[in-house]
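First, one chain by itself: the form predicted on its own, in structure tokens.
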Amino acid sequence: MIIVLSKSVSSHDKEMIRIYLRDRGFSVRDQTFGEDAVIGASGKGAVDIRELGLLPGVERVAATSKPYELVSRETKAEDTIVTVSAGPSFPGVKIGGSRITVIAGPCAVESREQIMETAALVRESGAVMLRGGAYKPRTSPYAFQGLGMQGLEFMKEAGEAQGMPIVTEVVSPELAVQMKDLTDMFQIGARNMQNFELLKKVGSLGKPVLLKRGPSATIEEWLLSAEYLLAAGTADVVLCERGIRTFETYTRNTLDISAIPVVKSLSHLPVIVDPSHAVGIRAKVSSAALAAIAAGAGGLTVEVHPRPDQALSDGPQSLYPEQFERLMRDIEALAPVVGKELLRTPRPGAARTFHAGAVSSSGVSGSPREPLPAAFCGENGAFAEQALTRVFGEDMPRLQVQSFPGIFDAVLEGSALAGVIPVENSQTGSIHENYDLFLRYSDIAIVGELKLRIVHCLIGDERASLDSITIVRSHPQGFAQCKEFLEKHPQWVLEPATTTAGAVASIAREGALKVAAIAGEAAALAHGLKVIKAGIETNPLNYTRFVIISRRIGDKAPVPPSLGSGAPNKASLVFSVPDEPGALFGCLKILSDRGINLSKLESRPIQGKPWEYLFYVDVSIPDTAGDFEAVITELKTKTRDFHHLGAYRASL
């Protein structure tokens, strides 16, 4: 049982609560749980929960049906997001939530050169945390046991050089104290999952902990081990499924994919997967990793070695750098299908480029202050808000505006650092009015893009049903994307709304029983309504392309670090051509002659100029930036009204 204390609880009231519980047969422990101070009560005592809840200083009582109280979702319904930081000068890495976190590195630290090389390789491919063993518990006493504290020092140096927090295994309570200042996250290995003295000591140190499942542990035993850590004092625990021992001998272990959704339903703690130890065969690791992401894992920890054949530990299951790079590309492509985005973090110094000097209305970076928000159009739960979260993370301040021009205004005036704009849907095509805004706001540039899978739901009041509905509200794009479903209900009146989430909000405000909305499930949760029917979009391959915009400062615009640090490989252009034979062909020939791929070409009438058209073009950027600059220069001589909307990294 968990007693959550009020923020203003006095020390006297707190002691009286303890006495009350002890007198009734409970063992009592103090605990900080997130932002809440709590008292945990365990044992065979008996108490009237209603009476306990009336004691001074008690905010609420959470009685769980599970033996793991702090870990249970009954105690905390919302998902926990664990932040691991390498220090105040580095951005924290978040595990859990809407993004996929990838941890990578060798099984063991073998030398300074090896860990420095590996850290650079995995960072380049997109890993955001560095793993590696300084102390290695091995089955054979004659096997390589690690470099000890020297190895940990090498690993910390490599992590700081690449701006990556490190996670390493701790094997004894005594070593935990020695390692505390050098590691950013402790790992409890599978063999130590039920080393309860180690769990209590590591938990008391307050650092984030990665807890691996034991090879023969049940899910309940695994969660009870996590309970030890939380009860001892740490608030940040990540669960790691790494395969269990079964009768199968072809793979090293059997990856228990089913454990991922089961644990997520039982506990609020984030769950990641170690596919390397699960299968133990290099060629099978990537397949197991992708299966884990599809099953709902919030991240992976993968073994990577520059030369696996020479590795002193676990070489057969370690990926070559090129295999890891391919896996990261596959994860990036799979992530939108499961409603997530691959987490990217800036290299050292890059975060300050975008966040530290918040852009003022004069366009000049000022002194560091609270980060400016990112702007989106719509109510809470909008698809645009989901896209914003994927790009910037859950902690990014958000600015809600009521129109798409309002986003451009906010970014231009400096009240928002960036904005999220939908420009195209895979089923219904371009959102032309938003493309047109770029021509009105020449100081705004596209700096990134994201493709979000759109799953539409019919949403209404708790008492509403398909039979009771007479009116359906949504954005016109929502209606178009759910055409087949709506055709089955011709009696419904369709009322257009500015945004899909706005349609949901209007029902919540009005308490309407006969009105439903078409929007995403997040909008229903945000406004306390229910999903009457899910997955009503005509085509499940329904994606919306959002672009990220920021204000140009000189000839550049700041890029969110979460979009990656690679060179731009895509650009969006707009131009018109003279009214003469071959004018458009001449422009396209310039691109073709330079080997530049054309991924989009669309015409749009020019406002106020009948029968004249603008051409919207998306093109690839070659590896040699000078070639592309030469193309732009040549295109300007062949076109009219040329606009370079921005250069950015393409979303897979």
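These numbers come from a predicted model, not from an experiment. For every residue, the number given is its place in the sequence shown, counted from 1.
Just so it is clear, the following notes concern the form predicted together with a small molecule, a form of the same protein that is not shown.
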**Request:** Using heavy atoms and a 4.5 Å cut-off, decide whether 94, 99 and 268 all contact the small molecule in the predicted complex.
**Result:** no
**Request:** Evaluate residue 212 for contact with the small molecule in the predicted complex, applying a 4.5 angstroms cut-off between non-hydrogen atoms, and reply yes or no.
**Result:** yes
**Prompt:** Is there any non-hydrogen atom of residue 305 lying within 4.5 Å of the small molecule in the predicted complex?
**Reply:** no
**Asked** Looking in the predicted complex, any heavy atom of residue 481 within 4.5 Å of the small molecule?
**Response** no
**Message:** My question is simply whether residue 146 lines the interface with the small molecule in the predicted complex - judged by any non-hydrogen atom within 4.5 Å.
**Reply:** no
**Message:** So the small molecule isn't shown here. In the predicted complex, which residue out of 184, 110, 169, 385 has a non-hydrogen atom within 4.5 Å of it?
**Reply:** 169
**Prompt:** Within 4.5 Å of the small molecule in the predicted complex, heavy atoms considered, which of 165, 189, 151, 460?
**Reply:** 189
**Prompt:** Can you say which of 226 to 234, 323 to 331, 128 to 136, 471 to 479 gets within 4.5 Å of the small molecule in the predicted complex, counting heavy atoms only?
**Reply:** 128 to 136
